Structures are given as structure tokens and as C-alpha cells.
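A lone chain, given as C-alpha cells: the form predicted alone.
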Amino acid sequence: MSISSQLSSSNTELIITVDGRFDASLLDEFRLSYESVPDTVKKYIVDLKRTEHLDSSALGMLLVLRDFAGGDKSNVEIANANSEVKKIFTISSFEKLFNVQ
């Protein structure tokens, strides 16, 4: 389980990749992945391509990221979610808060 992040060459997008289970054990690592980036970041992409499972604490972390990124004016995209993860987003109505791909 780990979190990695990468800034785009223009410093306007941050890609946060979650590898393995996305749960409470990643709280500090996830928060640190976006709190120390430059103010030039306007889009946050959470890549779940290698995420096997997420729980309610992960949903909470995504909400905190959304608030950090500007709340209703934020630009947070959930990318590469598998069918299980998409189902969780649908059930929890997170697809109304995030652009889920």
C-alpha cells in the first residue's frame, strides 16, 4: 500500500496514485501528497488504476482533498477506477461530487 504523486510539467496538475488498499492506514501519506504542492496546481487527479479496494475512510480523505482544492469550485478527477470502486462511488453519490472516469 502506498501513495505516490507527480506534478505535471506545467505545475498545474497533480496526479496522486493509490497502490493497493485505500484505507485509514494511508491517511497521513495521502494528505502529504497534496498539501505541499505549489499554489499553481488547479487540477487534482486521483489515479485508482492499482487500487484494489477502498473503504469509508478513503471516501472521507477524498472529501478532504475536495475541500482543500476549493470545495464546490474544485477540479478533482477520479481516474481508472475499477468496477468495484465505481460501484462504491455510485452507491455513495460521489459521482455527483467528483468527475469519475
Partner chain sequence: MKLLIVDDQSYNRDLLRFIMEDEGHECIDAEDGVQALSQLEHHQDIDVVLMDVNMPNMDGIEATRRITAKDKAQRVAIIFITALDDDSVLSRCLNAGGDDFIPKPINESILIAKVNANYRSINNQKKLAEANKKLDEFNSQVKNDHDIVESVFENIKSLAPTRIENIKTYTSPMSMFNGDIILSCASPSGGAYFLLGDFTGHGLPAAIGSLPVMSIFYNSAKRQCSISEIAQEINNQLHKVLPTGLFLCATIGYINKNGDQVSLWSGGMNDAVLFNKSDLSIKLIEGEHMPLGIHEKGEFNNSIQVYTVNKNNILYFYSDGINEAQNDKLDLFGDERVYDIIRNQYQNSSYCPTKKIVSEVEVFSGTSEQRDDISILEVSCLPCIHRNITNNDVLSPEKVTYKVDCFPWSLDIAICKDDLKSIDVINQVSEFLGTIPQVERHKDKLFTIISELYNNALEHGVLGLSSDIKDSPQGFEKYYELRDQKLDEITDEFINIKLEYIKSKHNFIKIQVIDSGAGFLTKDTSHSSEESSLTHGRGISLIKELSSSLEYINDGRHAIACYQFDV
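Numbering follows the first chain given and starts at 1. Since the model is a prediction, treat every value here as computed from it, not as a measurement.
Same protein, other form: the form predicted in complex with the partner chain, not shown, and the subject of what follows.
Wondering, does residue 45 line up within 4.5 Å of the partner chain in the predicted complex on heavy atoms?
Heavy-atom contact with the partner chain at 4.5 Å: absent for residue 45.
Residue-level question: is residue 88 within 4.5 Å of the partner chain in the predicted complex, judged on heavy atoms?
Contact check for residue 88: yes, within 4.5 Å of the partner chain in the predicted complex.
Under a 4.5 Å heavy atom criterion, is residue 77 part of the interface with the partner chain in the predicted complex?
Close contact is absent here: in the predicted complex, residue 77 is far from the partner chain, nothing within 4.5 Å, heavy atoms only.
May I ask you to check whether residue 92 falls inside a 4.5 Å heavy atom distance of the partner chain in the predicted complex?
It does: once the partner chain is placed as it appears in the predicted complex, residue 92 has a heavy atom within 4.5 Å of it.
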